[in-house]
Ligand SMILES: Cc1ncc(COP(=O)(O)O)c(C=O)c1O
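There is one chain below, alone, in structure tokens, taken in the form predicted on its own.
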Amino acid sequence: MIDLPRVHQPYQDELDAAILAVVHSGQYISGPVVHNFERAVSGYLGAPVFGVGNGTDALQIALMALGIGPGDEVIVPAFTYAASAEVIGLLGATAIWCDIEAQNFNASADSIEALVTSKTKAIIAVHLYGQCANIEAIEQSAPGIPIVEDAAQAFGAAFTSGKYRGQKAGTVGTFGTFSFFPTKPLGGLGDAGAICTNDAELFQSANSIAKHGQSRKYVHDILGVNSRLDPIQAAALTVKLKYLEDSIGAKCAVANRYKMALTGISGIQLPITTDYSTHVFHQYTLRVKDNRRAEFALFLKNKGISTMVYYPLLLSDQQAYKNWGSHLEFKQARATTEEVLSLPIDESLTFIEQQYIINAIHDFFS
């Protein structure tokens, strides 16, 4: 689905030099490389950020800073990656599943509104596949409830209308959390993540939690965890951040070529970009109609074309989370699990390679 060495090739020498500098520095925990990256990301997003070990830790630490625990309920989409839900269970709270919007795969504000109770202590709004969930609508559906933006797949996306116009994904909720897993829009060379909040008190609390609950060395005021951004990852990410906008632009160009070439094929529904968010196309995800997804995916596989299903099961159906139960049908989310299929999309995909994919799709549906 993505050839990372080929993606890195234009700036591989910079990556090598940045990583080797850390190796030679002897500073392998925290240090200036990490702090410089945090400042660079804060500048890019226009909001305060600190690094953590990975995106899952970021979500858990955000919930811990909000005081989430046993007896609390956290609303989360039934259609997303497991990390968004497992952190709720790890804190002893209960995940309350919501449905998604049919057109953009993100949490439905109408679904959330029906789920809010006196026990609702937070909402995790996932920015799936590369564009923002409608945070303003979610706020209106659940006034006063803290929103944690899971922006793992949408780093660099921005709101284009409403009160958050011009602001980046992950900067408008109570917390924003990011994953820098290698395949993400801004990807490291291993696991890495970050947390964003404009609330100074919550920033200090979450930052302390990530460092064993310390206020200063060997002084532990609250229960914490060990989640540090590795300097080697920070060094690589600092280099890659310089090329992020070029990467997003290249992927948007690939997405546009798909759109122009595949519009009108009756057996598929192309992804849309909403009128309130840009799209960084972490994934280019079709909906394959008429129960033909497996057949279509096999056809492409036999032509050497990779595809992926993100995600084949609702979280509410997963064995690990069945104890939470649900009384809802998740009409849109369930239909989505049966139809979604993601095509290759990265900035190194050549025109000839993409045309080969496009021709294969036309061959199948003809």
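Position 1 is the first residue in the sequence shown; the rest follow in order. From a predicted model like this one, the values you see are computed outputs, not experimental measurements.
The following text describes the form predicted together with this ligand, which does not appear among the structures shown.
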Check your understanding: Looking at this ligand in the predicted bound form, is some heavy atom of each of A83, A152 and A192 within 4.5 Å of it?
Key -> yes
Point to revise | this ligand contact at G51 in the predicted bound form, heavy atom, 4.5 Å | key: no
Check your understanding: Contact between A62 and this ligand in the predicted bound form at 4.5 Å, heavy atoms?
Key -> no
Check your understanding: Is there a heavy atom of Y311 no more than 4.5 Å from a heavy atom of this ligand in the predicted bound form?
Key -> yes
**Study point:** this ligand contact at I96 in the predicted bound form, heavy atom, 4.5 Å
**Key:** no
Review point. Out of R287, R257, K211, K184, which one falls within 4.5 Å of this ligand in the predicted bound form, going by heavy atoms?
Key: K184
Revision key, fill the gap. Picking from I248, I88, V126, I112, the single residue whose non-hydrogen atoms come within 4.5 angstroms of this ligand in the predicted bound form is V126
Review point. Picking from 213-221, 233-241, 152-160, 260-268, which part of the chain touches this ligand in the predicted bound form when contact means heavy atoms within 4.5 Å?
Key: 152-160
Exercise for review: Pull the contact list for 244-279: residues with a heavy atom within 4.5 Å of this ligand in the predicted bound form, in sequence order.
Suggested key: none
